[in-house]
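Coming up, as structure tokens: structure 1 and structure 2, two forms of one and the same protein chain.
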Structure 1
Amino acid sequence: MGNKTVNLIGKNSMRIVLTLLPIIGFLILWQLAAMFTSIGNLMPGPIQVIESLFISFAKPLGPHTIQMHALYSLKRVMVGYGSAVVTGIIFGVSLGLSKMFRALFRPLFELIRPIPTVAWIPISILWFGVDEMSKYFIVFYGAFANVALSVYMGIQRVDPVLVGAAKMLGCSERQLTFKVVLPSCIPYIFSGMQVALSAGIMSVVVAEMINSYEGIGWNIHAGQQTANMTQVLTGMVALAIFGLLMAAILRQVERRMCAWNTRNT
């Protein structure tokens, strides 16, 4: 028995090493290319980027250090995303449960949906100025549709077998809704929230690139304006870390709430 566990651990670490190896190899190639070939004129090597990232924790880029920039972006995401999740769930649930609600609001929803979130940036500036509000709005808009749709789909896709079983046990309409339908669409809610999160983050980054004086998006944009590729790449790395962190936190929350559902993230 003990022998088997050791074998498994060995196999798992082998697998992790094997996946990381090519990426590390690629990074090495990149570094060498940056140092010794003309690619170095196009962009810095990974060492320089990481270095710059660490430096920016102390030395400010523009008006703030990188953590401050991240915090600005974070604040915007939290406000917009938080409100989008709450309203999105309410909207999606109403769409799913009430035929009347659906008839009233679905057509408008579908009419507005094709307009991509980023297309709303100019009008949000006209409405809210260069304020924080315009960023909140964009994050909100980017996240709302995803959450609402996922919830709606979740309700539509409730396993009819479950509903049938519950009805056979004598469930009332109300019990059915709260004890069968809503709980079973929680996985859909969370998958919608994941997509909405990345959509929200992307939208805010674009908004920051266009119309802002701080934030991760601004950072990347400023790098481009000053032809500072290092800053651009550093910003991208910061963005990637930011996004991964947020997604991981969300996944942990989901794991707590949905222990009964194994979903591939």
Structure 2
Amino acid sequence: MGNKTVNLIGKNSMRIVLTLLPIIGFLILWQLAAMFTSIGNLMPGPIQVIESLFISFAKPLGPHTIQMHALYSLKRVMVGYGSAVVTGIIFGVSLGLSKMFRALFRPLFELIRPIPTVAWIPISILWFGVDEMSKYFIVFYGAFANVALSVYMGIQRVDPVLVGAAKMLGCSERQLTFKVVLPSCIPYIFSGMQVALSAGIMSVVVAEMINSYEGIGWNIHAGQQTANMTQVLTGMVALAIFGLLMAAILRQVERRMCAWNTRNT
């Protein structure tokens, strides 16, 4: 038992080291480039950016400190992303189970899906004005297609033997959907949710271009407008940490709900 524990700790330590090595190497190269090449005239090194990030916890960037900006962005991501997950699952299940629904709506879905989120800014302003609803819509659009498509693909790959056995045992269509099809799709649902979360976080940067004075995306845009690369990179690092934490939380939820599944996330 002791040897197994030691081996497990050793493997975990090695995994952490292998994860950190490329990041540390990248930061060292970035710092050296900023110090000894002309890149330093265009952008700060990581030491200056990290220092700026820590200062931003106490000194406001614009109207708020960085943690308050993160809370504004979190609210926008969670409302838009949460709505996208619910409607994406319903839409994906409908696509997968109903031939009529698929015939009616899949062509429209495939037509709209490739349009980038930034192209929807004028439409979102026209529909929802410049308030929070337009920002929620942009995040929703960025996340929705990933969930819907992943759920649809999951339904297409449900083991037909399971479906046939359930029908032989007398399962109704409702029972077949909720007791066989959806449980089989849970890994695909979480896979789509992970991709959708990344898309939603990227979309919030776009969303905060719309009449916004708070949020991590606003920090990046404000720094761009004033050619303040330190502020831009500080916002990018904050956004990366924000996304990393949210993705880690979602992975923990997936591990608990899909403990029977061997897929590594």
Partner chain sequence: MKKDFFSKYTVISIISVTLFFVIWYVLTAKMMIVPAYVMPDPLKVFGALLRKFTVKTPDGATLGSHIAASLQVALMGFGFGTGLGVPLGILMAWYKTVDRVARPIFDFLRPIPPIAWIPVMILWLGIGTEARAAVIFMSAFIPNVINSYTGIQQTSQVHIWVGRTFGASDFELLTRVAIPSALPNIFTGMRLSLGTSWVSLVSAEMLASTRGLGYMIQIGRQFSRTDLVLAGMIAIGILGGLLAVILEKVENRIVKGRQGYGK
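Here the rigid core means the biggest group of C-alpha atoms that line up within 1.5 Å when the two forms are laid on top of each other. Quick note, the numbers are simply positions in structure 1, starting from 1. What you are looking at is a predicted structure, and each value in this text was computed from that prediction instead of being measured.
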Properly assigned, the form predicted on its own goes with structure 2
Superposing on the rigid core, is the CA of V195 displaced by 2 Å or more between structure 1 and structure 2?
-> no
Just checking, between structure 1 and structure 2 and with the core aligned, does A166 shift 2 Å or more at the CA?
-> yes
Q231: Cα shift of 2 Å or greater between structure 1 and structure 2 (core-aligned) = no
F36: how far does its C-alpha move between structure 1 and structure 2, core aligned, in angstrom?
-> 4.5
Keeping the rigid core fixed, what distance in angstrom separates the two C-alpha positions of L21 between structure 1 and structure 2?
-> 4.0
